[in-house]
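Only one chain is given next, in structure tokens, and it is the form predicted alone.
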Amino acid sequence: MLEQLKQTVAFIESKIKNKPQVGIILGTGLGGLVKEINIQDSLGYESIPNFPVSTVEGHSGKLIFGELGGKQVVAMQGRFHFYEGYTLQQVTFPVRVMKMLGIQTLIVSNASGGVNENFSVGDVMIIEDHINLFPSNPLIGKNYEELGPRFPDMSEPYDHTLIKMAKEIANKNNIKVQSGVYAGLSGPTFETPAEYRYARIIGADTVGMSTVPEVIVARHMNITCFAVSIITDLGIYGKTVEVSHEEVQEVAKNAEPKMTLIIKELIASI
């Protein structure tokens, strides 16, 4: 993997003008942030050596370099999911590439199902912690000391300072935000009522199919992380309804301006 990483990083560095400081994974609800970036370079995933290619509707597949909030950023327009058939090492490969390109901070967004009875569809939740319910861990296998320690500490997966700053930004702009714990599952099925109940019992506020592997690898490489989630459906007893990918995208689109504002101001404040 180390050789592949070095090859990918060397290729990208030959194509870009500036070194990024912040990495952004433009998951559900943050697609519009691209319009705010002063784009300097853009590389299609298919042109990057060793890069996976996204297969999901609504995830396009470009690495975008530019300036946002006075910082140099690299944004993943389209992310990779375990349910697409990638290994967790492939899913998280771009995070390792971004670190080797120079990022110190990673910002992630996603869509999730709310299991906290105080949540509503369309709420924005700042992720304070996570539970890994994927059937594996991206760090299983040979550990490369150059990338990070064999047993990384996960006592602060999401940075407390960035969480506090984001809450202050939301408050200042009259944006209601929730905060809580995100449980990451493999998908691609949405959860059964019993699975939603199980997630709630073990301490989750939302469930989703991404983010956790990327954050594990980011923390392994000592990248500071911040993540935010849009509640696109509810898995609460008496409120659970059938849900489709199209409905999830529609809710996310409506919440997008709020997410974009918070992230843009947060990056400017880092």
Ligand code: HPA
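A residue's number is simply how far along the shown sequence it sits, counting from 1. Model, not experiment: these values are computed from the prediction.
The protein also exists as the form predicted in complex with the named molecule; that form is not presented, and the subsequent description refers to it.
Task: Stretch in contact, per heavy atom within 4.5 angstroms of the named molecule in the predicted complex, of 63-71, 34-42, 215-223, 231-239 - done: In the other structure, the partner sits against 231-239.
Open item on the list: Since only the chain is shown here, I'm wondering whether I48 would be in contact with the named molecule in the predicted complex (any heavy atom pair within 4.5 Å).
Closed with: Outside the cut-off, so no.
TODO: Mark V248 yes when one of its heavy atoms lies within 4.5 Å of a heavy atom of the named molecule in the predicted complex, and no otherwise.
DONE: Yes, V248 sits close enough to the named molecule in the predicted complex that at least one of its heavy atoms falls within 4.5 Å.
Task: Heavy atom of P138 within 4.5 Å of the named molecule in the predicted complex - done: Judged by the heavy-atom cut-off of 4.5 Å, P138 is well away from the named molecule in the predicted complex.
TODO: Answer with yes or no whether G27 is in contact with the named molecule in the predicted complex, where contact means some heavy atom within 4.5 Å.
DONE: G27: no, not in contact with the named molecule in the predicted complex.
Task: Single option in F190, Y158, F93, F134 placed near the named molecule in the predicted complex, where near means a heavy atom within 4.5 Å - done: By the 4.5 Å heavy-atom cutoff, the listed residue in contact is F190.
- [ ] May I ask you to list the residues of 92-112 that have any heavy atom within 4.5 angstroms of the named molecule in the predicted complex, in sequence order?
- [x] Heavy-atom contacts to the named molecule in the predicted complex: A111, S112.
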